[in-house]
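Below you'll find only one chain, the form predicted on its own, shown as structure tokens.
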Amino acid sequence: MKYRELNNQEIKCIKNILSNYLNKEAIEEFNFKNLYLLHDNDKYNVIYSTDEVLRYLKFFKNIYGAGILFGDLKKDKNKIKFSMSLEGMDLISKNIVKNYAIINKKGETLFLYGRDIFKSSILKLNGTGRIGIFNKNKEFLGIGNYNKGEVIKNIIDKGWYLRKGG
């Protein structure tokens, strides 16, 4: 695997996705210099690392990764698509002001076991599509998909680590 800094087109794509969740000030404050691209053939991972780790990366030619998976880039000809990972969403979760749901205790328990969220468990809902899921204490639980129905579909939740050994 090889790594490199993100180019302007990739950063623009990531900023576009972040704008679904964050206000302009939070996007401007986000430290994009802590992101790098780890790629192997057609697989492109965006990794978030600390300044210290990034300083030492230059001493290595091939690495598997150093940091947390922020998301994935998919490239198709001239088009780039970014998809946020669970840990990437967790990293920005304290600043999320759009596209999120706050759920009650019962919904939290079920969601962390991989289940979908029914409307009866939703305390607050803001937005549609891929949304951040929080408990009533505003602790980040995972990512869901809401399309104005009766259910928020579970995409991935923090219980996944225990269930899958990830």
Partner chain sequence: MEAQYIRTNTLKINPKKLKNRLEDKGVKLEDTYLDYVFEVIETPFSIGSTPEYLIGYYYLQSISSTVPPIVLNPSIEDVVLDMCSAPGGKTTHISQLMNNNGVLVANELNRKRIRSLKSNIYRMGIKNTILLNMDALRLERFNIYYDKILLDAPCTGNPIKDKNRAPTKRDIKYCSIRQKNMLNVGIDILKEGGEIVYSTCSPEIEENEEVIQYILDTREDIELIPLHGIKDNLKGINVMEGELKGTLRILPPNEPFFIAKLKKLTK
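Keep in mind that this is a model prediction, so the values were computed, not measured. Numbering follows the first chain given and starts at 1.
A second form of this protein, the form predicted together with its partner chain, is not displayed here; the remarks below concern that form.
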property	result
Per-stretch contact check against its partner chain in the predicted complex, the hit in 125-133, 95-103, 25-33, 63-71 (non-hydrogen atom, 4.5 angstroms)	63-71
Contact test in the predicted complex: L112 vs its partner chain, heavy atoms, 4.5 Å	yes
Contact flag, I80 vs its partner chain in the predicted complex, heavy atom cut 4.5 Å	no
S121: touches its partner chain in the predicted complex, heavy atom cutoff 4.5 angstroms	no
Partner contact for K2 in the predicted complex: its partner chain, 4.5 angstroms, heavy atom	no
Within 4.5 Å of its partner chain in the predicted complex: residues from 128-162 (heavy atom criterion)	N135, N137, E139, F140, L141, K158, G159, W160, Y161, L162
